[in-house]
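A lone chain, given as structure tokens: the form predicted alone.
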């Protein structure tokens, strides 16, 4: 099938798959592209033909990428209208082409796109990647810092990495995320000291500070743990609510009457065990 002569606007690099074998892999590439704002997919003689329902299913609703995909009879035709092309490979090549990592490649693609150039990224076959003459049609090489003992990447994984670097290169702050944690005001020292006092009282009532001479050090340790957390006011309220719930004694066991081990709610079972032992002794 020959490609259409329609030229898409230069909204990002074209993703070019050379002789992809499985429709599922094409679909997963389309999904990765859509995740990071890319939409131009070019296929060079896909083995199982095109269109592919398996690709559409694996694309997980990235239908706009699948529907716009164009098929070419050869790689030269697929890159003919592009100004700059990266070839992805995990193997060292015997040529003089510059080699970049994905971060640098993403920034280079972004700079060229902003200057009006049309760009693309080549991805090879699932089994063995690109031939040397195909790499020769690219301007530069991009490779990933993978473990040399296991350097093979699935084409969808490789496309995901490059699509991510493309998206990241367009952010004002590359560390920025789409959402963040709530902006909470740190608790005041008065609020923290109030929590310390409340917790200390609850633990004292339950007999936590034993032996008594170690209480000052135990209190210091508790305060150090809670201070290091950098708690905000809403977080203090959560902790106070937890402590309050745990600090409720039964009416028969009011605050200050000892440790939980003395709770009279446990006494009936203990009395029953003691009575059972007495009966055995009498027998």
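Residue numbers count along the first chain shown, from 1. Keep in mind that this is a model prediction, so the values were computed, not measured. Rigid core: the largest C-alpha set superposing within 1.5 Å between the two forms.
The form predicted together with a further copy of the same chain is left out here; the points below concern that form.
Taking non-hydrogen atoms only, residue 177 approaches a further copy of the same chain to within 4.5 angstroms in the model of the complex. a further copy of the same chain is not drawn, but in the model of the complex it has a heavy atom within 4.5 Å of residue 150. Among residues of the shown chain, residue 89 is one whose heavy atoms approach a further copy of the same chain to within 4.5 Å in the model of the complex. None of the heavy atoms of residue 135 is located within 4.5 Å of a further copy of the same chain in the model of the complex.
Though a further copy of the same chain is absent from this view, in the model of the complex it lies within 4.5 Å of a heavy atom of just one residue from 61, 228, 214, 47, which is 61. The partner is absent here; in the model of the complex, the one residue of 75, 195, 161, 85 having a heavy atom within 4.5 Å of a further copy of the same chain is 161. Contact with a further copy of the same chain, judged by heavy atoms within 4.5 Å in the model of the complex, is confined among 75-83, 177-185, 114-122, 195-203 to 177-185. Contacts to a further copy of the same chain in the model of the complex (heavy atom within 4.5 Å) from stretch 23-46: 28, 31, 32, 34, 35, 36, 37. In the core-superposed comparison between the shown form and the other one, the C-alpha atom of residue 229 has shifted by at least 2 angstroms. Here residue 238 counts as shifted, since its C-alpha moves by at least 2 Å between the shown form and the other one after the core is aligned.
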